[in-house]
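Single chain ahead, written as structure tokens, the form predicted on its own.
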């Protein structure tokens, strides 16, 4: 088999990141036909279909290792070029680092980690959002460089570091608590009271109920996939829900909510996983994430 062509690998990464051959062409300043020819040539070299031609385009199982390789090569290539040229060597090109983070981390502590990095105009971040139980999937697929995840086992080709635990408290508006939880968070009340859930991947409310009651309950669910709207829905009495401690403390202090399970919390351990590369950008990002997490998480 012939060696892999770096231009074809970059094109594969562009198709998956941009979602279509047309958008990849705009990014690479070539025609969609040229993009198609490069992908076809790469598939012929590998002997496998690498891209699912759908909207958005996605990498196949065979394409994922090459997608990860493309991202790693691009990152190392730019850093090597910058080092070789030196401070007066001109612009080596932009470095974009894709990271996936769970919604509550993104709404609380994670932006402070990005702000700790030195200002570099050539460095930009592509921050994705997903449930902490699913973020490692994007890392495994080669779509992102690093992830805040609940998965403690290292994804193949990655390093993992513990960050600490994000603590959640069960909150409800006073009116809802009076209506449903006058006798506390009993199994009967928990099975009947409405609950606010972030999205269909979010299982922490149901996990919390199983821990408290020892039962698998099926309460009425409202899906609200926005952290501000999620918290406001709880404050307005739409249902109860688990709220990240930093936000929960403010809501409790303001009297907007009450804790319906005093003394009971849910701790979700989080981990930082990233490609196993000797990269200046990744090393700096990892140091910043770990430092901020140490100050913010349990």
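Worth saying up front: this structure is predicted, and the values here are computed from it rather than measured. Positions refer to the first chain, counted from 1.
There is also a form predicted together with another copy of the chain; it is not shown, and the following applies to it.
Stretch 110-118 is the contacting one of 67-75, 144-152, 160-168, 110-118, since its residues have non-hydrogen atoms within 4.5 Å of another copy of the chain in the predicted complex.
Checked against another copy of the chain in the predicted complex, the candidates 204, 221, 212, 189 yield a single residue with a heavy atom inside 4.5 Å, and that residue is 221. With respect to another copy of the chain in the predicted complex, the three residues 10, 32 and 80 uniformly fall beyond 4.5 angstroms at the level of their nearest heavy atom. Contact check for residue 45: every heavy atom lies farther than 4.5 Å from another copy of the chain in the predicted complex.
In the predicted complex, residue 229 approaches another copy of the chain with a heavy atom inside 4.5 Å. When another copy of the chain is considered in the predicted complex, residue 128 lines it closely, a heavy atom lying within 4.5 Å. Contact check for residue 250: no non-hydrogen atom falls within 4.5 Å of another copy of the chain in the predicted complex. The single residue of 165-181 lying near another copy of the chain in the predicted complex is 179, the criterion being any heavy atom within 4.5 Å.
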